[in-house]
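Take a look at this one chain, the form predicted alone, written out in structure tokens.
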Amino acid sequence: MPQVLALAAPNATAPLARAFIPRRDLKPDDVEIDILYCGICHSDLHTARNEWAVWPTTYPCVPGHEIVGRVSRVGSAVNSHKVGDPVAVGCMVDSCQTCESCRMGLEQYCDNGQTIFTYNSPDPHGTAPTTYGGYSQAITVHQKFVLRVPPNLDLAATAPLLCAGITLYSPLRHWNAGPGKKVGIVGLGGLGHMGVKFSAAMGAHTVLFTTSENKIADAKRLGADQVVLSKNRAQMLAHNRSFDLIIDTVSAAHNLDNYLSLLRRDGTLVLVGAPDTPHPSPTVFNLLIPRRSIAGSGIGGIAETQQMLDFCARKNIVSDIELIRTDQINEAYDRLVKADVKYRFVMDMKTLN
């Protein structure tokens, strides 16, 4: 059983530090990947610090589910990837593969509850008590959960597409964002900046909601047709009953009624941010009269994630990133809490050595 160097959280309060972790021996359907870059997601911080009561952390915890690397070895039954290929791994590394959702390519919604996340899930192979993520030198993954990276994409800036990207791409596709549709994106962070890019690239009229005047110019650079300051009541009222779709990326509890009122009849407010406390309950009549909906969306299945990467290659879309060394991880976590990044940290995993 090979051992690889990683960055691990030993408990909820200690800083992440270098540690050796086990990886499983190569199986016939496995792909072994040398990790080049790994994005830093807010979920990584929440998990490392055990801040989600619904998903308690098993320690040591090695976060990281925005992984880009190159294939170093393949198992005897692998036919989808070869040594040297640029590849990616996102939020999942396995599922039951037999339920209706899995057969439909919606592994993230496995009906049997057997989605195996890239880190902090029970390890079905028994290599460790829990799965270990991409803050490491290498990872071994079943070929079905390994994605092809198109050759024209910058590898470092591709990494956040595996979570931030697909988290916004999936609901935009599911609710048919495109020409003739008016789409709102709430928040301009790691998720929101990808939502603006994708919505604009799909041809929708794209509006960014923000609390900060400092983000107006950047939102327009990223593709927003309009920017609304959500604390400005007049600006909000000007868009009353006009949106087909609003995607809310904010990961703190807040009043949803302000955005529900902006939806037209049969419009949908989709929540993709994951606050650690519930949102206040919305006004029921705000839903009933115009037949509005509140929905949630997770990441995307493997097939849809590959579709997203191919879309990015055609449209020349990647994330806006700040590339850091692995020894800057704890500083990056502190800055992430302060929203001090435009718009996603990515670690150069070669610096782990």
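Being a predicted model, the structure only gives us computed values, none of them experimental. Residue indices: 1-based, along the sequence shown.
One more form of this protein exists, namely the form predicted together with a small molecule; it is left out here, but the text below deals with it.
Residue C163 is the only one of V183, V89, A224, C163 with a heavy atom lying within 4.5 Å of the small molecule in the predicted bound form. Put simply, of S212, S281, T98, S76 only one has a heavy atom within 4.5 Å of the small molecule in the predicted bound form, and it is S212.
At least one heavy atom of S251 is located within 4.5 Å of the small molecule in the predicted bound form. Although the partner is absent here, V272 sits close enough that one of its heavy atoms falls within 4.5 Å of the small molecule in the predicted bound form. When the small molecule is considered in the predicted bound form, C41 lines it closely, a heavy atom lying within 4.5 Å.
Although the partner is absent here, G133 is not a contact residue: none of its heavy atoms lies within 4.5 angstroms of the small molecule in the predicted bound form.
The chain is drawn here without the small molecule; in the predicted bound form, the stretch among 294-302, 318-326, 53-61, 24-32 whose residues come within 4.5 Å of it by any heavy atom is 294-302.
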